[in-house]
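Same chain, two forms, each on its own as structure tokens: structure 1, then structure 2.
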Structure 1
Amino acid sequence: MTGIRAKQKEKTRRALINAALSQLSPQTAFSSLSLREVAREANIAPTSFYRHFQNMDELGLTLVDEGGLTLRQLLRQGRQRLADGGSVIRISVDIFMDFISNNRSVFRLLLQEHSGTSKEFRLAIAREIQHFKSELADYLHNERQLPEDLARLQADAMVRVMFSIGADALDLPASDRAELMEDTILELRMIARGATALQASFSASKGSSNTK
């Protein structure tokens, strides 16, 4: 009996999450949603909402956490696919664009609330973005042998580009997305080659100073 109740509770919780996501649009930010609207969309009584979330902010923060975690897991899996060959940049851009296509409302939430009025939301989204940067920096340092400082800077630049391009891709027709993807891949490769050139320059400078 306990198992049945737990499944029903999770089903209702998921219905509330999906109800909130379904109402997000370019014209409707999460901060403008009301608890009653979300409960009505999920087909539950407004009072039942509190059995699952303390308030709308907790619901929104759950959306941020789940969305960020899903994308990070997908990108990790993409990097693991490199054992079969392929470009880490192309694979990552493909995964990122697929995520946006399949999770428009989640990505829209990240964009809208990143600079929204809620400090709690801004901090939560900033943490998620920092997770992306840290994981990418670790990969660049451990797998591509970049020095930690250069890996951190390259990761920061790449994540900034990806999220900026993601905003452009959000409402872009599918026919225009392929061109945007190729431009993004080229921009990220330019960043990567710049970091490699800097590394070579630093190594040369260090070698020159050691011979003096």
Structure 2
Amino acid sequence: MTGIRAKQKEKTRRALINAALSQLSPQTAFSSLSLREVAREANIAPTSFYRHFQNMDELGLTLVDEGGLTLRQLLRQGRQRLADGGSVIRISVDIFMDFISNNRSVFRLLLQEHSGTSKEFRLAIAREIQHFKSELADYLHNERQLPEDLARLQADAMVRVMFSIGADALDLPASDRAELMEDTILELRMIARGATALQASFSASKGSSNTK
């Protein structure tokens, strides 16, 4: 019951995960990693890999899950920081950019496999993104009094823009990133403004006789 065996197993499992992460780079996609290389980097025999994962895919999905988890945790922190006051948009952009800076490889993995050739990967990543959207839509609906439909659309547009810009920021020197962030904030503000403007026209055309 000491679990000395389980402990060791978990250790080399981590070694495999880290080996995979360490081999990812702008020039090397996860989908082109070989089981043998990863095993070599983790200092185990190729055949031992199978004691931990059935596939390279299974390893990759683990990375996706862990990355998504990290992102969601950051979002919660963001909501807390927000209680102290400050622009939601600016804070969210900050958090997001920090995330991709500190998790370049994982974010690249998310981007690449989001449009990759494995349906399982695509679905797993789409699920993570959907999480992101839903939380934002809820916030817009509850805290900003937007009707559900409009909140959903605004969140959708914002998340799309944010991820797309994140992809561009990924291989940008830190110096250029500040500029991009200002653009990002403006674009997101644009979307927010547009949403409330649309809300106004809808409620106007719907119940113009009803002031309350």
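If you're wondering where the values come from, they're calculated on a predicted model, not measured in any experiment. Throughout, residue numbering runs from 1 along the sequence of structure 1. For clarity, a rigid core is taken as the largest C-alpha set superposing within 1.5 Å between two forms.
Any idea which of the pair is the form predicted in complex with the DNA? Number 2 is right.
Residue shift check between the two structures, rigid core fit, residue 152 Cα at least 2 Å: Residue 152 C-alpha, core-superposed: shift of less than 2 Å.
Please state whether residue 164 has a C-alpha shift of 2 Å or more between the two structures, with the rigid core used for the fit. The answer is no; the displacement is under 2 Å.
After a rigid core superposition, would you say the CA of residue 186 moves by 2 angstroms or more between the two structures, or not? False for residue 186: its C-alpha shift is below 2 Å.
How much does the C-alpha of residue 10 move between the two structures, in Å, when the core is lined up? So the C-alpha of residue 10 has moved 3.2 Å between the two structures.
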